[in-house]
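The chain below stands alone and is given in structure tokens; this is the form predicted alone.
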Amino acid sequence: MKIRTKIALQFTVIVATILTVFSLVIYYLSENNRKQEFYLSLKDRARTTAQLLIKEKGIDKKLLKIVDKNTLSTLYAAEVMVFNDLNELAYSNYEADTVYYSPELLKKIRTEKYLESSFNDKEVVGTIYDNEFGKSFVVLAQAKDVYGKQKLANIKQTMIYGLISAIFLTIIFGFIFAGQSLKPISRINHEVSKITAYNLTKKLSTGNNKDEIAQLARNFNEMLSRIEKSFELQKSFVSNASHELRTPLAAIKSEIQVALENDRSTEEYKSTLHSLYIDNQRLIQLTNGLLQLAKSEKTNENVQMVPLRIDEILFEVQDELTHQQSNYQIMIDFDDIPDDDNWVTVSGNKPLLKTVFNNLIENACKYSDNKTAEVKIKFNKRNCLISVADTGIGIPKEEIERIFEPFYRTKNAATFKGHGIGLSICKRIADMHKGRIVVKSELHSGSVFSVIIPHL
């Protein structure tokens, strides 16, 4: 079912329910009002007859019946009966053999003084009338409210026709209203259908820039911008990765071609194989970097997090790097000894965190003339802070914001070996651990990379 149809039907059901309840309430109040007015008229008729019969001593009963029958009143068909204190019928404006009453009813009227009731299709009123001699008479008046019920039937018929007409008009106007309300969404659907991977720069119209539809369009445009940025990063990644992979592969191919052109001595073959080995190592390092970059894209749901002590991870990285590069000097120290081990314990993935600190410490040693990295472990009430400082070439201010982009290398780092992947991996791993990396650097003076991760 289309949203337009659903809205129109829901709107119709709501309006129909309100109108039905309103009509029932009006009908109930009208019926109640009719009864009260009719009971009041019956009461007046009963009292009038009692006054004429009891107070006017000389009045003839036959004459009173004639007066009752010829009274120009809406209650001309009212049947009036008067009973004395012995519950004997003292007067009736119609034949006595048609009179119906029960002693229980008369007793109840004498007890309650006044009674309103219904019998068959007639309304009945019973009341007490006392004369000057202290005698108590029961006066009964009953009649059919022909005029009132006909009036009520007309009201009922009018309400039914009005309700049906209102529901019919609600359906028509509901569809029109729903169509008008959903026009902006239809326009957005039409515009979205024209957006492809090749024209992500196309944006949706935000209309009046005020309502929820405009907010939806703005959010969609922001999403398109993020998708476009992701596509650009992907294109850049593929382009840079292809370029980086092509360089060692081309070198390997050239060296093999040269070696195959002529016969070589054993030493010459050994030299060629050694060169191929170096190029192969570069290729393996690049491939490992790309794999780590892909692994860093995983979400927290796919990565197992366990409690880890940061100092233990740093000491492991120190041992591994100094074993690989004997000229590296890595100094690790606490700014203050923690009273609680939890302050240097984080929830993390050990291989990923080792990758972060391995990249940062290795860069610090690689870009420093003295091949030294100074690592400080700090903490506060919320976070564990690890700073890696060097005295190397530094980073130009205008390039600091771009150093975490994949394959980006600063101009002054072009003479050093590398592929520009490490810092990008570090940032993504820090994000996965709900942390961040802060950089402070001065050109030719060195840099300080601070990793901030929430502790337990």
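Bear in mind that the values here come from a model prediction, so they are computed numbers and not experimental data. For every residue, the number given is its place in the sequence shown, counted from 1.
Beyond what is shown, the protein has a form predicted in complex with ligand ADP; the following relates to that form.
- Shown alone, this chain has one stretch from 404 to 412, 427 to 435, 37 to 45, 24 to 32 that lies within 4.5 Å of ligand ADP in the predicted bound form by heavy atoms: 404 to 412.
- With the partner omitted here, the residue from A364, A217, V375, V80 that has a non-hydrogen atom within 4.5 angstroms of ligand ADP in the predicted bound form is A364.
- Using a 4.5 angstroms threshold between heavy atoms, I421 counts as touching ligand ADP in the predicted bound form.
- Within 4.5 Å of some heavy atom of ligand ADP in the predicted bound form lies at least one heavy atom of S447.
- Using a 4.5 Å cutoff between non-hydrogen atoms, L53 does not count as a contact of ligand ADP in the predicted bound form.
- Taking ligand ADP as it sits in the predicted bound form, the stretch 367 to 404 comes within 4.5 angstroms of it through a non-hydrogen atom at Y367, D390, I393, G394, I395, I403.
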